[in-house]
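In the block that follows, a single chain appears as structure tokens, in the form predicted on its own.
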Amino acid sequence: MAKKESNFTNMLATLLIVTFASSAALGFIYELTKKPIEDALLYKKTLAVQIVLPEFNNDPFGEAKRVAVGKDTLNIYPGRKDSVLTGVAVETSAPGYGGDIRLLIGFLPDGTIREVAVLEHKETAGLGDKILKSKSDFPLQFEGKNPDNFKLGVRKDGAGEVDAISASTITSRAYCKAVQKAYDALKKGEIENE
């Protein structure tokens, strides 16, 4: 086989072929993995709803409501047992140190925080990841508190009653901000018994 001469046209053609093949492969892989990734995220959210809400027998996702809070729109998932409201889960987020912190906050009908589940975060391992119950007791200080009489802010800032994670004040502030935003959506959403 004869050796091709290296010229602009040959180099451009080779570059176009490689670029097209690479982008086609990337697009194929994206389409192949898109649905399983969405299913995994929905499964994770479903488990989180079961964790943060008291017992329920309705479909919280079927009764979901979207509520605008500032520039954001939050999803609210009411939990009912035999048509009686047992709690409300609010999906919220706030920018942390490493990116957005996404939480699911479970509220009792009176507005008391039942439990908080972390859906996603990109905080620093060993520091900011202490927002996870498996890593520290930081999330426990929110449980059983009603934001009507518990200031959702970091104590060392003079803005609230929350003890920040050592060396992770930005993450602690973001967590508090996300919980406050969820509470604001809860009050604005006015979920009642059927």
Partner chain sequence: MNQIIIYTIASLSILGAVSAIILYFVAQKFKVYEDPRIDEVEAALPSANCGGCGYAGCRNFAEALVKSDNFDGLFCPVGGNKTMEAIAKILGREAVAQDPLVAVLRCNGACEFRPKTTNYDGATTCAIEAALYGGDTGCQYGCLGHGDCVEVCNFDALHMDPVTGLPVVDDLKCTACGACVKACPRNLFELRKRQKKERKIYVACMNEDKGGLAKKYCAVACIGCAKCVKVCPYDAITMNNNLAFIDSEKCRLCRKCVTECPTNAIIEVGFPPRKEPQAEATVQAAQTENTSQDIVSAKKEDISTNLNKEE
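Computed from a predicted structure; not experimentally measured. Residue numbers count along the first chain shown, from 1.
One more form of this protein should be noted, the form predicted in complex with the partner chain, which is absent from this view; the next part is about it.
Note on contacts: among 31, 55, 148, 59, the single residue with a heavy atom within 4.5 Å of the partner chain in the predicted complex is 31. The contact residue chosen from 158, 70, 144, 27 relative to the partner chain in the predicted complex is 27, the criterion being a non-hydrogen atom within 4.5 angstroms.
Residues 8, 11, 12, 15, 16, 19, 20, 22, 23, 24, 27, 28, 30, 31 are the members of 8-35 with a non-hydrogen atom no more than 4.5 angstroms from the partner chain in the predicted complex.
Between residue 100 and residue 33, the Cα spacing is larger in the predicted complex than in the shown form, differing by no less than 3 Å.
Inter-residue distance, residue 186 to residue 38 (Cα): increased by at least 3 Å in the predicted complex versus the depicted form.
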